[in-house]
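Okay, here we've got a single chain as structure tokens, the form predicted alone, with questions on binding and movement later.
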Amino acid sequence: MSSDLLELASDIAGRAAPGEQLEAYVSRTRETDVKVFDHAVESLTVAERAGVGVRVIVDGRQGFAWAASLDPDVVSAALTDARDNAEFATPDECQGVVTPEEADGVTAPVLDLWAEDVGQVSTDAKVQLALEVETATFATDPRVRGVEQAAYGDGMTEVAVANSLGVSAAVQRTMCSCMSIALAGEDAQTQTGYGFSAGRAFADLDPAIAARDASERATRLLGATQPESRRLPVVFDPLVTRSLLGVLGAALSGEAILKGRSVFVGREGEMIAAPCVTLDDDPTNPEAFGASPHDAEGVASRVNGLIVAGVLRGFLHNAYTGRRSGSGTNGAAVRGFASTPGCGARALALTPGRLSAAEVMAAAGDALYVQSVSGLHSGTNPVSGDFSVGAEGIMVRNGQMAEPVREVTIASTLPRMLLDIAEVGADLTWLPGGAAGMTLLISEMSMSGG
């Protein structure tokens, strides 16, 4: 662990004036991004960025400023700006940095989230991997007429946070991935499909998996037509389930609850989902790409059971929303250096069921397999719970994939969908982002087609 960021954060926090609370959040990231097209490099970026966010709280008035530099003079200017901003803020008795008492009680997990090879592998090797993904995608199926894009990306991130009350923490983590978007054609129709491979280490990546998945997702949609409208069971692809959990995570944040912007306001302790549904946010799991030993305020991470056997058990809180709600923080603060702490999920996952993806499909009988959705955020109302999104996928007949379909809209409400979950697949897979994916069967939704 590089100690310089924690030393800098602690130094800034130590500049607090009498009667002032001060917090510094410092981060540094080195990224590589390679995009290839038509067997040549389309773009290559190797960049490092660093920054600091400073919060000052005086008599409940919060001031914030940030800088995209760790230069001492720039950091000092950010601190001055934060102090100036605090003078104009509205007092709020719940504002304040995390206290040692709030941060105590849970031991931070020891997590190894850093892979040295991400920084040691040459840029040439990373470019070659992206080119390999493109070549492999073309080789998977003669119907693959092109590759819209093949890419490689990685990030090496170090973060430190410290406040004037003595709370401090630091973490470093890596992540890398390769991806492909295949273009498959047959007659006059062209379909696209997405595939990827992700891991903490460069050695974890498998270009063949990214190529195979992209090709399969594109080719199996060839010949897609618009189906007739009706109500039927729906099977979600793991990538779609991951996106759906992201929507749920936002609705279960303490901010959304306190602002009345969630369908789950006032429902804690109620049965809101099928008994087979248990939803946890577990950033202590090193397999999750959002894993971290602590949150963005320096509070130890822990497993937060949000829905347990269908019952809503709680929400995700940072220090501020925890104080406002009376629940206390549960280590769910999230942020970057250019923002104040919010609260949200970092590693959402449903507890896996007993059935494989194929067995979930068989249990569905006649259904719609949803491979991808569009308009997820615009088509979901977090207050009413209304859910209506565009989709494409494959009809399921007698438990087997049949003809592909497109120009479909699927609709229900989030509360109804949770209660209608019939099976949670055993194929839990951690995906980039803050949630895991798995095959999911909803017993009934409305499908609007022709």
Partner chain sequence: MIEQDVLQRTLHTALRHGGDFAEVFAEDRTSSNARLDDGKIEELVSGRARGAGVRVVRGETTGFAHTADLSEAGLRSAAEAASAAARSDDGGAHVTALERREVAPAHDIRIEPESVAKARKVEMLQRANDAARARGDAISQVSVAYADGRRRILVANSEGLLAEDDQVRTRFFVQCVAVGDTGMQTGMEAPGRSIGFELLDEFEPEEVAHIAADRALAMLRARPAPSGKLPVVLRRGAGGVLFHEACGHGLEADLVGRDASVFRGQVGEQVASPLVTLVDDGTYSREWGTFAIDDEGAPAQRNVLIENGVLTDFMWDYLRARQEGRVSSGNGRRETYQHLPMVRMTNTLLLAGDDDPDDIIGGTAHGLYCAALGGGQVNTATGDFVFGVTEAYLIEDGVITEPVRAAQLIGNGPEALRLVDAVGNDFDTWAGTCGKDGQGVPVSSGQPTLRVAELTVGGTAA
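Just so it is clear, the model here is predicted, and its values are computed rather than measured. Positions refer to the first chain, counted from 1.
Absent from the display: the form predicted in complex with the partner chain. The rest refers to it.
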Task: Heavy atom of each of 44, 231 and 384 within 4.5 Å of the partner chain in the predicted bound form - done: yes
Open item on the list: I'd like to know whether residue 424 contacts the partner chain in the predicted bound form, with contact meaning heavy atoms within 4.5 angstroms.
Closed with: no
- [ ] Flag residue 403 as yes or no: does it have a non-hydrogen atom within 4.5 angstroms of any non-hydrogen atom of the partner chain in the predicted bound form?
- [x] no
TODO: Answer yes if any heavy atom of residue 27 is within 4.5 Å of a heavy atom of the partner chain in the predicted bound form; otherwise answer no.
DONE: no
Open item on the list: Test of understanding: in the predicted bound form, would residue 122 fall inside 4.5 Å of the partner chain by heavy atoms?
Closed with: no
Open item on the list: Going by heavy atom distances of 4.5 angstroms or less, which of 340, 135, 225, 327 would be at the interface with the partner chain in the predicted bound form?
Closed with: 340
- [ ] Sort through 268, 287, 186, 148 and report the residue having a heavy atom within 4.5 Å of the partner chain in the predicted bound form.
- [x] 148
Task: Segment assignment from 305 to 313, 195 to 203, 254 to 262, 98 to 106: heavy atom within 4.5 Å of the partner chain in the predicted bound form - done: 254 to 262
- [ ] Quick one: name the residues from 30 to 66 with any non-hydrogen atom within 4.5 angstroms of the partner chain in the predicted bound form.
- [x] 31, 35, 37, 41, 42, 43, 44, 45, 46, 47, 48, 49, 62, 63, 64, 65, 66
